[in-house]
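Listed next as structure tokens is one chain, alone, in the form predicted alone.
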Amino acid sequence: MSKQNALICSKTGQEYSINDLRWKSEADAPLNIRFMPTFDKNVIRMRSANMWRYREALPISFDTNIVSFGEGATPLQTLELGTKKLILKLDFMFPTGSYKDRGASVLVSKMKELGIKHAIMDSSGNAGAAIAAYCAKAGILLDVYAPESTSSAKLTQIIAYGANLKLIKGTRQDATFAALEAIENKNSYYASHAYNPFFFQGTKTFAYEICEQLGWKAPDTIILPAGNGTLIIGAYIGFRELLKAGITTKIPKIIGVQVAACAPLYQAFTQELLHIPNIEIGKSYAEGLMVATPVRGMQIIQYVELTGGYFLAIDEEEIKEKTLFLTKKGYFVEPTSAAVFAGACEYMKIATDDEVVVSVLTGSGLKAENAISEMIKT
């Protein structure tokens, strides 16, 4: 008989204890989580305005293990684009400046519950900063492997939180390879925001919050970043859980945004491939989207397809234009976030006037001050 809560191999369906220390299956595949959330709207309404108001939907056994800075409940803002209205969720207002705090809070809470004392991860910046901050609060030692090209502000953040930063020459994928090698050598816990399924148990609160903020209704469409896909996967899980619980009547269409300089998911989707293609990586302002081989690539594509969505690829001029456009509206966000906004603007050209469309501003512009300064000067 299947366990109610379990880690599930994404390839074979083999089950493991939800408290197993493994980060991948015996088939060398990523793990998913089977967990049955519950939602009591009356109880939720009475709780503090943070993501842990959905306590019964988050797979942490004991409250004493929760590691939190009161993150969540980020506001929605409506931006008029011609005759249409785009709703933006301001996730750059999180404690470390990005939505990655959602996943970090649940993942590090689970690490504390499991008794983890040391962990390793790889990141292009934001996830590393987020997990470093929560590990600092939990008293967990953390090694972060990041590309040398990562913005200096994000690297400073990671170091300041007390993590042991390992700079890697080469691409974002090279940082992943280095982290995986270190995991094998040190037999440590892999706190990867792409591999570790507990991270998505945090990012799914994005869906919960939007639903509650819209009067317990799902939007028609959501437009999200598609690098490692941590917000797409989390949002799909969250909206699927709300649908199964009878809270909502649909899962919104998901539009995934990539950059033209690195668009493996876009290429796989448009060419109807059954694998993620090898691509040549260009240069982009949007460093958070420069993921050439997302480990859960086919899972991301599957979730987008199941909602009737698709992928967009945004060029550099559009990223620059939208970064500066947003500053003139009072939103100082990093180029990765502006790329997603550019995708949202592209989608809004075909959206109906009454369509409820939500996108997200994901990272503070303070994390990419040098790049934005360069844009302003040129």
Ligand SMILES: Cc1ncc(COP(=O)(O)O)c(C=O)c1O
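These numbers were taken from a predicted model, which means no experiment stands behind them. Just count from 1 along the sequence shown to find any residue number.
Same protein, other form: the form predicted together with this ligand, not shown, and the subject of what follows.
The partner is absent here, but in the model of the complex a heavy atom of L289, alone among I210, L289, A175, I254, sits within 4.5 Å of this ligand. Proximity to this ligand in the model of the complex, defined as a heavy atom within 4.5 Å, singles out one entry of P225, P197, P264, P147, which is P225.
Not one of S105, A130 and K204 places a heavy atom within 4.5 Å of this ligand in the model of the complex. Interface residue remark: S359 is not counted as part of the site for this ligand in the model of the complex, having no heavy atom within 4.5 Å. With a 4.5 Å cutoff on heavy atoms, T323 does not count as touching this ligand in the model of the complex; it lies far away. Residue contact with this ligand in the model of the complex: S124 places a heavy atom within 4.5 Å of it. Among residues of the shown chain, G229 is one whose heavy atoms approach this ligand to within 4.5 Å in the model of the complex. Stretch-level contact check against this ligand in the model of the complex with heavy atoms at 4.5 Å: of 48-56, 63-71, 32-40, 333-341, the positive one is 333-341. Residues of 83-102 lying near this ligand in the model of the complex, listed in sequence order, are Y99, K100, the criterion being any heavy atom within 4.5 Å.
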